[in-house]
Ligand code: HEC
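Taking the form predicted alone, here's one chain by itself in structure tokens.
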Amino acid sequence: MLRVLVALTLVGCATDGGFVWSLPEGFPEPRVPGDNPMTDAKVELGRHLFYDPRLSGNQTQSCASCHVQELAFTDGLAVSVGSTGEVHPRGSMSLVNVAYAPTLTWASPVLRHLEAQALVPMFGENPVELGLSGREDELLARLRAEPRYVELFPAAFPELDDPFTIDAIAKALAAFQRSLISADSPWDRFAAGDPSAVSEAAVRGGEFFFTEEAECFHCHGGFLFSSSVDHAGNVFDQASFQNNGLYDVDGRGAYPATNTGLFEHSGEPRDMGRFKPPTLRNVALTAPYMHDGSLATLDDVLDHYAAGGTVTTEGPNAGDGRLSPNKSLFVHGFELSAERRADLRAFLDALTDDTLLRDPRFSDPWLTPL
């Protein structure tokens, strides 16, 4: 039986800061830190900062450079490239529904708050992303000189005598990112009771997706289509990291040295190759796939899971990921006929929220003159 996930009835839920969440039925209220309540003014400031290349040392990139609205806030690259040209080991994750993410990168178990995460691309040095390390005063001077910010910063932080601070920047960016709620895909409308919203092929694909034969839903279930989820009413830690059999470079489960997953943080052999299951919402737009972009298309992804892992036949990463001792028990392979492939593709395509891609609330405000 098909598991209905969410009904698309919008529910208004006001925060203490006056911001109103427009959440569909079935979406819980996001968890928001007590020292950074949501407000409309703070979200608007965060939107301006998100799209502002002043937030890179050489003023060539913004947050939006790696998180493009039309690509569900990813960048279309296998791995990201920073403002100085440094190539990163992993790709940009989608920011869609990031308000519900208990952890915020592919493999770190400790980076759990968007306020803290915002500092990493700005000031981190391994790798260099926006390249602002040591240039905090320069950044603040740039922002003070922009007429829009002269109004936006005090409106967002009226309690501060001087709102031009790094802490305020991080809080505003976090507030904007929490507002990126996506729940208006054809599949959402189908789940809400509109049988005409998706094709029969998509229905069949969804039915198979939620079977024990496919096992997809164990890592990509629930309203987020990810097992790694958090919200205001959540009691237990639901951060999740899984090894899906992408590599086995030494016959004992090793992953490439630059991308060992959770093992990089824990040092525990069982954590080798374990990465966060990303949301599948808008997945048709977020190619290439996996943490390192090594699977170019959704068909490649389906082949990977149908085979129970990926076999790399040559090069430094050669090995049979199907045989990894660290691989999740849910990745065991399944029969993938041409019809089933088409059905699964139709289902995954039905997770695209076109409204999100053109929503002016999330768009570049600098394109609109004052």
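Remember, predicted model here, so these are calculated numbers, not experimental data. Residue numbers here begin at 1 and follow the sequence given.
This next part talks about the form predicted in complex with the ligand, which is not shown.
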Counting only non-hydrogen atoms and a 4.5 Å threshold, tell me whether S62, S80 and C219 all contact the ligand in the predicted complex. yes
Please tell me whether any heavy atom belonging to H291 falls inside 4.5 Å of a heavy atom of the ligand, as the geometry stands in the predicted complex. yes
Would S199 sit within 4.5 Å of the ligand in the predicted complex, counting heavy atoms only? no
In the predicted complex, is there a heavy atom of the ligand that lies within 4.5 Å of any heavy atom of Q242, even though the partner is absent here? yes
is_contact(R90, the ligand) in the predicted complex, heavy atom dist at most 4.5 Å: yes
With the ligand left out here, work out from 190-198, 143-151, 158-166, 111-119 which stretch has heavy atoms within 4.5 Å of it in the predicted complex. 111-119
Which one of T286, T260, S182, S179 is close to the ligand in the predicted complex, taking close to mean a heavy atom within 4.5 Å? T286
Heavy atom within 4.5 Å of the ligand in the predicted complex - the one residue of V229, L104, A72, V249 that qualifies: L104
Partner contacts for 181-217, taking the ligand in the predicted complex and a 4.5 Å heavy atom cut-off: F209, A214, E215, C216
